[in-house]
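The chain below stands alone, shown as structure tokens; this is the form predicted on its own.
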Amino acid sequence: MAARPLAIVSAMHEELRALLPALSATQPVTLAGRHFHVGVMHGEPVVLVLSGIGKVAAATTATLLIQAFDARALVFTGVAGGLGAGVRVGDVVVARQLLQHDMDASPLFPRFEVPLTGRSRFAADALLSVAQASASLRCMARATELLGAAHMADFGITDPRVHEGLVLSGDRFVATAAESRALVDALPDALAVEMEGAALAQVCADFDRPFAVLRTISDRADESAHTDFNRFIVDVASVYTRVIVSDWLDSTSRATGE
């Protein structure tokens, strides 16, 4: 019986393209308009896919990875806006919990609670998240080597760090300081905001499948959020994704003795 793959889900085309050169024995599979890339990376069976933007797209992708490929774990990579104090452009956030900030069925249910589940926060897998955080720390230690001093200066990146905690998701691009303040007022422990992670988390909880969410901070979720976004994805986020995922897969292969 073939080994169950690890699923690596990218939010952006550039991140997926950064990972594909390391994939061998590639088999393309198309389902529901998504192009899945099945193969081997660093000795591990994997399936790579672009999720699409937003919670529905992420939920559909996660369901297909579990149902069609029987992925043994899912790792989502992408960018996010920083919310927490000290969460800066060029940092990495590893989600420990995820919450849909635009879920509000009150007064029937408490604000943020997913109706009929009794919960608003979905916990990422502890061991998988520790592995992502460890790989991220090793990447941050090499940031100047990996990105180059010029790119770091261009984006104002100095001493990049790894944070772990609450990540918010919603079907709205948060791009004003007022919106960010409102989120932090409602959820003071929130570190970052994005558009997919909590949906993937809910699907994985339904299927009892381990997952992790890894986000590079591209902006501070304010009026500067659009500045050089596409260049940041290419020059910073895609580099982080390639290095962190490769490091994690190498560690996974060593742990399984392959």
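In this text the structure is predicted, and so the values were computed from the model without any measurement. One-based numbering along the sequence shown.
The form predicted in complex with a small molecule exists for this protein as well; it is not shown, and the discussion that follows is about that form.
Asker: Would the small molecule in the predicted bound form be within 4.5 angstroms of a non-hydrogen atom of every residue among Phe36, Thr61 and Val75?
Answerer: Spot residues vs the small molecule: no contact at all.
Asker: Using 4.5 Å between non-hydrogen atoms, is Arg172 touching the small molecule in the predicted bound form?
Answerer: Yes - in the predicted bound form, heavy atoms of Arg172 and the small molecule come within 4.5 Å of each other.
Asker: Within 4.5 Å, heavy atoms only: does Ala95 come near the small molecule in the predicted bound form?
Answerer: Although the small molecule is absent here, Ala95 would stay clear of it in the predicted bound form, with no heavy atoms inside 4.5 Å.
Asker: With the partner left out of view, is Ala11 within 4.5 angstroms of the small molecule in the predicted bound form by any non-hydrogen atom?
Answerer: Looking in the predicted bound form, residue contacts with the small molecule include Ala11, since a heavy atom lies within 4.5 Å.
Asker: Flag Phe229 as yes or no: does it have a non-hydrogen atom within 4.5 angstroms of any non-hydrogen atom of the small molecule in the predicted bound form?
Answerer: Phe229: yes, in contact with the small molecule in the predicted bound form.
Asker: With the small molecule left out of view, which of Leu65, Met41, Val193, Ala212 would have a heavy atom within 4.5 Å of it in the predicted bound form?
Answerer: Exactly one listed residue reaches within 4.5 Å, namely Val193.
Asker: Would you mind picking out the stretch of 212 to 220, 65 to 73, 27 to 35, 41 to 49 that comes within 4.5 angstroms of the small molecule in the predicted bound form, counting non-hydrogen atoms?
Answerer: Result of the contact check: 212 to 220.
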